[in-house]
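Shown below, as structure tokens, is a lone chain in the form predicted alone; questions about how it binds or moves come after it.
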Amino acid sequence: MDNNKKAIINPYSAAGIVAAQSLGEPGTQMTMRTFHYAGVAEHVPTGLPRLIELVDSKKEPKKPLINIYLKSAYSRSETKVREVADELESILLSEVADVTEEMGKRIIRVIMRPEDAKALHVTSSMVEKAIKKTVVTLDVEKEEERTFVVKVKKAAGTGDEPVLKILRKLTGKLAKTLVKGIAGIKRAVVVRDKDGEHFIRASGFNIRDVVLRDEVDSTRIYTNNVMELWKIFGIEAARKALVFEITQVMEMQNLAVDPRHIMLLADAMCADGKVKSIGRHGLSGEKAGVLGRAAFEETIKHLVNAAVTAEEDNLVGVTENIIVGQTIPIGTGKIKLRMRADK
């Protein structure tokens, strides 16, 4: 028998249940340790916390990461890659300046910190430009070389809001103003892969803005945020990322899981063209049978809704048949024999 024939499962095998057990059982042996990615000053969750993050299709991972590969003209030179990494890293106004409000004078004073600004390659003109972009309708004066004053009066379009409230809001907004780099990209470091090529690994996931840079190779950008990949590259990319991320979790724990089980899970999550979670808000909450849904979570809600709408349960799944005490429609339970008796 050739390998292709060996790989085919038997008719009516409980493929889903075996896959669920194959993924669920190793989960009980996973450690809660975190993993330190080379150079990125963050501990990235692995093991069970990361697996839960993936199957729950969280909007954003606890510690998002992005790998940015550059075009061949840049990637061989570590110096060039480091320069691009510095330009990509987002710097907020609060990181290079003190933003204080003076309620009595109705002003916000921005005083640059020379050492921090020099270390992060931020100039006073960059700070001034960022301030003016944030407070478009207000007057901005340059008191000294590194001190700026924003005069807050009754600005256009603010309605009946008190000036002091506007002042307080604006101070918070200014502190979070982007002075340099790409929003959401933090702690960018240069890493060398096994082929000797340099790439940038950073905290964050803003692919949409990163790919606009000329130096970036948009065909090889990757983030561990599956939902971001789905929004930008589509469902096939999200499915592939899910398979890769779950496989990585298993391999880090030295757990051998058949890749087909991981692929079946990813297929189930992505089958409808969007990334669905496994829990009550996703696949389990959308089972065809009433009893199947009720057996998982929110039992009363499912039974009441089914009663109100006169929903029928055709007992097609495993759970429903176990509940009513019937043979489950899997394996030999799916086979019906017909016998011709002798006359």
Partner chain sequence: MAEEKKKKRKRGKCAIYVNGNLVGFHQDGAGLVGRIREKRRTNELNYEINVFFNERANEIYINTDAGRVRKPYVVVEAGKSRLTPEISKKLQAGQLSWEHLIKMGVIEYLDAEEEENSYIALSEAELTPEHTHLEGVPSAIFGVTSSVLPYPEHNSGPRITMACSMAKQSLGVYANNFTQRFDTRAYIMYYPQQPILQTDAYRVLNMDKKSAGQNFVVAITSYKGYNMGDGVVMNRSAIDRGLGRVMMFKTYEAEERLYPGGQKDKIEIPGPDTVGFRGEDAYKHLDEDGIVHPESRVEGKTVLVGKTSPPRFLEEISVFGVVEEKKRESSLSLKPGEKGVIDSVMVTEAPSGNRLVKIRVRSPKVPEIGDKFASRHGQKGVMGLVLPQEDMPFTKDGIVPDLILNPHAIPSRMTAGHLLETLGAKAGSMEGKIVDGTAFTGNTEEDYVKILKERGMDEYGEEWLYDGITGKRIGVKLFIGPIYYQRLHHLVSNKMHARSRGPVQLLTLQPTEGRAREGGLRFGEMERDCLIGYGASMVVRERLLEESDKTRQYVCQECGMLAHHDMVKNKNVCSLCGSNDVVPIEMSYGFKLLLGEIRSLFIFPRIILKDKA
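By rigid core we mean the largest C-alpha set that fits within 1.5 Å across both forms. Positions refer to the first chain, counted from 1. Worth saying up front: this structure is predicted, and the values here are computed from it rather than measured.
If you look for the form predicted together with the partner chain, you will not find it shown, but the lines that follow are about it.
**Student:** Report the residue, out of Met30, Val318, Ile278, Leu65, that has at least one non-hydrogen atom within 4.5 angstroms of the partner chain in the model of the complex.
**Tutor:** The residue from Met30, Val318, Ile278, Leu65 that makes the contact is Val318.
**Student:** Check Ile17, Leu291 and Gln326: does every one of them have a heavy atom within 4.5 Å of the partner chain in the model of the complex?
**Tutor:** All of them do, each having a heavy atom within 4.5 Å of the partner.
**Student:** Is Lys336 part of the interface with the partner chain in the model of the complex - any heavy atom within 4.5 Å?
**Tutor:** Flag for Lys336 set to yes.
**Student:** Although the partner isn't part of this model, could you tell me whether Ile9 comes within 4.5 Å of the partner chain in the model of the complex, counting any heavy atom of the residue?
**Tutor:** Contact check for Ile9: no, nothing within 4.5 Å of the partner chain in the model of the complex.
**Student:** Using heavy atoms and a 4.5 Å limit, would one call Thr309 a contact residue for the partner chain in the model of the complex?
**Tutor:** So Thr309 does not count as contacting the partner chain.
**Student:** Within 4.5 Å, heavy atoms only: does Val304 come near the partner chain in the model of the complex?
**Tutor:** Flag for Val304 set to yes.
**Student:** Just one of 65-73, 51-59, 296-304, 278-286 has heavy atoms within 4.5 Å of the partner chain in the model of the complex; which?
**Tutor:** Going through the listed ranges, the match is 296-304.
**Student:** Would Ile8 count as moving between this form and the one not shown, using a Cα shift of 2 angstroms or more after superposing the core as the test?
**Tutor:** Shift at Ile8: below 2 Å after core fit.
**Student:** Fitting the rigid core first, would the Cα of Thr327 be found 2 Å or more away between this form and the one not shown?
**Tutor:** Comparing the forms between this form and the one not shown, which are aligned on their rigid core, Thr327 does shift its C-alpha by 2 Å or more.
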